[in-house]
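In the form predicted on its own, a lone chain appears below as C-alpha cells.
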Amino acid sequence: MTSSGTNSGADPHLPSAESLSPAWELLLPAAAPARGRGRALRSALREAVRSGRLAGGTRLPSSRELAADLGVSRGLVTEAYEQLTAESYLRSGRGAGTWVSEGVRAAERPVRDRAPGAEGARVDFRPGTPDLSLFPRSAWAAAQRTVFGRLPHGALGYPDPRGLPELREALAGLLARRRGVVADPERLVVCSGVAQATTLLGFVLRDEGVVSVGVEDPGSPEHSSLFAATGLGTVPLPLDDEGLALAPLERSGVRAVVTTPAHQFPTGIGYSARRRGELLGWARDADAVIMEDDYDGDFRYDRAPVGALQGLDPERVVYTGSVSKSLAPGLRLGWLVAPAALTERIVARKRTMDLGNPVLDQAVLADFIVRGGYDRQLRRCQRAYRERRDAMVAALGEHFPGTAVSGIAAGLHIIARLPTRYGPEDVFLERAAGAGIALRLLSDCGTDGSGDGGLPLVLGYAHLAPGDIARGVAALAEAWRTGRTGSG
C-alpha cells in the first residue's frame, strides 16, 4: 500500500482529515501504552468512520504525517491503514493516498431503549407492573454471595434444559405447598417467564397438528401474539360470571385453551368450583389441553388463595407461573409443569430454543426459596398491595362517586366501571392524556362489556404508593372537570 501524501488523480474538492480536524484530536485513544498503541489506533479509526466523524470520501493524512502527529512509528500507522483497508473501512491506490470508503454507513442515532413504559406520564395506572422498589436487594445479594461461594466449577457448563435440579426441586415444593400444584421436579421446566412457557407449548401443539388455541375474551392480548409467533391462530371465547363460558368453548372445536382461573385477567373474577369441574370435563371429552396462566395466584387479600386448577387433573393442565409479579419481571424466571405426555417434547423444544436458562440466576432463586426469602417477599408484597388496592377503591369512591369496582380482592389491578356521565370514552381518554395520566380501557383486552353501561377501566395499583394513587385519581377527576386536553 502506498502511504505517501501524494494525491495524484484525487479530487481536490473532496475534504481531507487535516481540513476537518487535527489528526491528534480525532485519534486521542492512540495515546495508549506502547504495546497497545496499534490496537488503539485501529479501534479509534474504525470508530471515527462508523460515527461519521470521518465521512466517506475523506482523505487521511499520509502515514508519515499521522505518525509524526501521534508520536508513533510510521510502521504502526502503515499497519493500521492496511488492516482497515482489508476491512473495507478505507481504500487506497498507488500514488492516490488513503481515503475513507464511501460504502461505510455511519451510525445515525444512539441505541434506543424499547422497554415498555408510558413516556412522559405523570401517573401510570396501566396494569401488570409490580412495585420494583420492593425487590429484596439485600436478601438477593446475600443469596448471590452464598451461591458464588459454593457453586462448583462444573455447574457453570450447559445446564439441564429443564433447569437446575435444585431449583426444580425447590419450585416443586413451593408450588405444591402454596398453590396445590402436583409438581414432579422431573416434569418441571424453568423458562424465561410465562411468555417462553407459552411459546414452548405453542410449538409443541403445532407439531401435534393443532391449528388454533382458545383464549379468554376479554383476556391478555399477549397470549394471542405469543401463539401467533409459533404459527397458531387464536379463537376468542367469551366469559360469564363463573369463568370461561362452556357452550361457546364446546362449539369452537379447539383442542387447547388458555385460562387464568385464579384471578381472570382482566375482569378479576375467580373461576367457580363448578366451572373448574366443567372445564376439566371438556378437556377429557375433547382430548384437549388447558394452559393455566397463574400470573398472580399468590395475591389474594380477603381469604386464602384458591388452589391451582392443575392440582385437579395434572395430565390435562399445563401449569405456568413466574416471579414477574412477586420479585421482578426483569429476572426472566418462570416455570412450566407439563403433563407426562408432553414433557419430553417440551424439554426438547426448550433445548433447541436456548440450551437452558442462566445457571447463576437459577441457583440464586433456589437458595432464596429454600432459605425462606421467597415466602417473606410474598408476605411483604401482599401487605403492600392490599393497602394499595384499598387506597385505589377509596380514591375512586371519593372522586368518581358511583363507580362500580368488580372482581375478587386479589392481584395487581381492578376493573373500575365509571358512571356513564364520564363518557364518551374518547373525550375521557383525551383529558386524561392531557393531564399526563396513562390508562388502559377494558376494550383494549377484547370484548369490554360496555353493554352493561359505564366506562370500564383496567387500573393497576401495585406499583404506586397509596399517596400517589390518591393524588393520581384526584388529578384524573380534575382533568375531567376542567376539560383539559392534550392540545390545551
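From a predicted model like this one, the values you see are computed outputs, not experimental measurements. In this text, residue numbers run from 1 along the sequence as written.
Not pictured, yet referred to below: the form predicted in complex with a small molecule.
Across the options 373 to 381, 150 to 158, 318 to 326, 203 to 211, residues that bring heavy atoms within 4.5 Å of the small molecule in the model of the complex belong to 318 to 326. Remark: Phe265 counts among the residues lining the small molecule in the model of the complex, judged by a heavy atom distance of 4.5 Å or less. Proximity of Arg332 to the small molecule in the model of the complex falls within the 4.5 Å heavy atom cutoff.
Contact between Ser220 and the small molecule in the model of the complex is found at the 4.5 Å heavy atom cutoff.
A residue is said to contact a partner when one of its heavy atoms sits within 4.5 Å of a partner heavy atom; Val194 meets this definition for the small molecule in the model of the complex. Checking Tyr295, Tyr385, Tyr271, Tyr81 for any heavy atom within 4.5 Å of the small molecule in the model of the complex turns up a single hit: Tyr295. Contact with the small molecule in the model of the complex, defined as a heavy atom within 4.5 Å, holds for exactly one of Gly97, Pro314, Gly243, Gly128, namely Gly128.
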